[in-house]
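Here you get one chain, nothing else, as structure tokens; it is the form predicted on its own.
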């Protein structure tokens, strides 16, 4: 069974339809890369899945629990109960492009805040887990540092550790390297590749075509609010049949 089912999602802002009948599934352990030009609806899609925006239509299920559906008789989107939405939220994590760390918390506090207050873990257990995650991220010794004392790449790795601290079943990345210079980008891509090797289920919105090709099991190309084409990396990057996809990828050829 798919861990994420997205069916016929629609979303508009001020009469401008940003998402148009978007449907796809994500299987356990799969890494899905979502590519496409700016303004194609990629980030809005992630925000709808992560409950940061409310969809205008369609249906989303996470691990068999329906987040919302469209009542056709009333032509209205119906969301699950607050408790069900909370349970769903704990199953998914989102890493933002601009880090979104709490500037007044040190690294340890940033990572342990949610496990302690949301999952009700003991401070000792949360800090033990945080130290393990920091080691995994190559940040041992940075637990007392504040975000302003870290490089962009280090801040992004802390934000990944913070997301992993809640043990999500699926992890979303919204252009995780867009705010970084090329050298720091490599740090983040290395971390995500390691998570892929561990079979972490991930959905990654990215402009890094080589990364999408190397890490993803499945690639989705979006343009103007639609899924234009999807398939394996070999199919999209090596043998695409769609003219719009060819036009987009031509800009990234070596």
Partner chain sequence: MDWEAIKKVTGILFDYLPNTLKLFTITLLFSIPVGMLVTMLKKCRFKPVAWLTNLYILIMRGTPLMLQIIAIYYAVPMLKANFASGSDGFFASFVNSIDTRSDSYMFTALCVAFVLNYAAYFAEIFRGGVDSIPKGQYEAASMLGMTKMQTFIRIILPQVTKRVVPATANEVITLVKDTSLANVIAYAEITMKAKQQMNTYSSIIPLFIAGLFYFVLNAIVTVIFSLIEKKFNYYK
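These figures come from a predicted structure and were not determined experimentally. Residue numbers count along the first chain shown, from 1.
Missing here is the form predicted in complex with the partner chain; even so, the following discussion is about that form.
K.L.:
May I ask whether 177, 228 and 252 all come within 4.5 angstroms of the partner chain in the predicted complex, judged by heavy atoms?
P.N.:
Answer is no for this spot.
K.L.:
Counting only non-hydrogen atoms and a 4.5 angstroms cut-off, does residue 74 reach the partner chain in the predicted complex?
P.N.:
Heavy-atom contact with the partner chain at 4.5 Å: absent for residue 74.
K.L.:
Wondering, does residue 47 line up within 4.5 Å of the partner chain in the predicted complex on heavy atoms?
P.N.:
Yes, residue 47 is a contact residue.
K.L.:
So in the predicted complex, does residue 122 come within 4.5 Å of the partner chain, heavy atom to heavy atom?
P.N.:
Because no heavy atom of residue 122 falls inside 4.5 Å of the partner chain in the predicted complex, the answer is no.
K.L.:
Given that the partner chain is not shown alongside this chain, does residue 136 nevertheless sit within 4.5 Å of it in the predicted complex, heavy atom to heavy atom?
P.N.:
No, no contact at 4.5 Å.
K.L.:
Name the stretch: of 180-188, 150-158, 109-117, 127-135, exactly one has residues whose heavy atoms fall within 4.5 Å of the partner chain in the predicted complex.
P.N.:
Careful reading of the contacts points to 109-117.
K.L.:
Determine the residues of 76-112 with a heavy atom within 4.5 Å of the partner chain in the predicted complex and present them in sequence order; the list may be empty.
P.N.:
Heavy-atom contacts to the partner chain in the predicted complex: 86, 89, 90, 92, 93, 94, 96, 100, 101, 102, 103, 104, 105, 109.
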